[in-house]
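The data below hold one chain only, encoded as C-alpha cells and taken in the form predicted alone.
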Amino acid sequence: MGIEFVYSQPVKIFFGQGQFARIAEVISQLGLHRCIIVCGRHFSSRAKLMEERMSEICGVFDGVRENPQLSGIIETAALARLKEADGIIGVGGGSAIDTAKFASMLVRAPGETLSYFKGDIPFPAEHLPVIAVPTTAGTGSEVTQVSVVSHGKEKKTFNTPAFMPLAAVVDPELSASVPGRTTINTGLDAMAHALEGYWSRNHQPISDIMAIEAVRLALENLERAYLDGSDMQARSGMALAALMGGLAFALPKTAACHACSYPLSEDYGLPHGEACAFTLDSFVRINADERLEELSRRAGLSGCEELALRIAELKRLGGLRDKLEQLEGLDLDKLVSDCLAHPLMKNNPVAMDRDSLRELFENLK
C-alpha cells in the first residue's frame, strides 16, 4: 500500500535576524491597521515605546504570566475591543502567544468566557488575526493551532484550526537576552516536539523531515546558545530548530513526554520544558527502533543510546531536575495515574500501562 497523508501549514513565516524591525511592514502586508501587543513584563517597555511611535500599535497588555491565566486573556480581549483592534501581536514565549490566540477568539464572542474554557460551547467562527513573535526558541506555538491556558489550578490544552496564527515573525535577535536555564528549558521543549512528532502514531513524511532537522539543529546549537547567549549563529540555529519542531508536531501531535509533563508542571511546579525533558531520554530508550536509529544517525549521532545520553547531559548542564527525589511531596501512584490518563499518552508508539510507566519513574531515582 502506498504512502498517503494530508499536510497543511497556513502560517506565513518571516524568519531571520532583524525581521522584527520590519513589523510595521508585516502588519501592512497582512492588511491590518490597528494591533495590540500581548507580552510579559520583560518586553513591556519596548512594547509601550512601539505604541507611542507606531500608528499600527494601539494598545499593550503586558500582564502575561508563565502559565497564562484565563483572567489575563479576558483582559486582553477587553483591551482589543476597547481599542477597536483588527489584530493581536503575541510577543514572548508560548504563554504570550497562547494568550493572544485565545483572546483573539473572545473579542467578538457572545456568551460567558468560562463556557468556552469548559468546552460547553464551541468557539465562534469569527476572530481577530494573530501575529506570533517568539522570543524564546522552544514552544513552536507560532506555527500550531494549540493554546494552553489555566484557570486557577486547572490547566487545559485547546486545539482548534482557528488558533493558527496568520503569520509568525521569528527573529533570533529577540532571544539574545534569554537566561541560560530558560534557553535549556525551551530548547529541550523543541527537542521533545520534534522527537514526539517523529515517533507519534500519526507521523507523516513531511513532518518527519522537519523533526530530523530540528533535532540535528538543537544538538548542534543548544549547548552553545546556553554557554554564550550572544552567539547569534547558535541563537539562529535554535530559533530554526524550535520553528521546525513546531512544524514537526503540529499535525501528528506530541505523545508520552507531553502527557507526563502536565502533572509534573501542575503538581510539582516544573516549567513546561523541564517537565517534558524529565522523561524525554527515558522515552528515547523505550521507543528506540530502526526509525529512531535513523533519526539519530542523520542528526550526527551513533544511535538512540547516544541521543538519550546527550539529552541527559543537556539537562545536567542546565541544572534541570531529573530525579524523583527532586519532586517535593511526591505521590508516585497519583503521578502515574495522571500521566496515563492524558490523551496524548495514546500517541506513543509503545503502549504504556501502569506497570511500565511506574518502572520508568522508579528508574529515575
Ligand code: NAD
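This is a predicted model, so every value here is computed, not measured. When you see a residue number, it is the position in the sequence shown, counting from 1.
Beyond what is shown, the protein has a form predicted in complex with the ligand; the following relates to that form.
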Check your understanding: At 4.5 angstroms, heavy atoms only, are Ala312, Gly318 and Lys334 all close to the ligand in the predicted bound form?
Key -> no
Review point. Though the ligand is not shown, can you say which of Leu292, Leu240, Ala162, Val148 has a heavy atom within 4.5 Å of it in the predicted bound form?
Key: Val148
Review point. Which one of Thr144, Ser200, Ser282, Ser207 is close to the ligand in the predicted bound form, taking close to mean a heavy atom within 4.5 Å?
Key: Thr144
Review point. Applying a 4.5 Å heavy atom distance criterion, does Asn67 contact the ligand in the predicted bound form?
Key: yes
Point to revise | Residue contact check: His272 to the ligand in the predicted bound form, 4.5 Å heavy atom | key: yes
Check your understanding: Just to confirm, Glu196 within 4.5 Å of the ligand in the predicted bound form by heavy atoms?
Key -> no
Check your understanding: Should Pro179 be counted as a contact of the ligand in the predicted bound form, where contact means heavy atoms within 4.5 Å?
Key -> yes
Exercise for review: Quick one: find which of 110 to 118, 226 to 234, 71 to 79, 136 to 144 has residues within 4.5 Å of the ligand in the predicted bound form by heavy atom distance.
Suggested key: 136 to 144
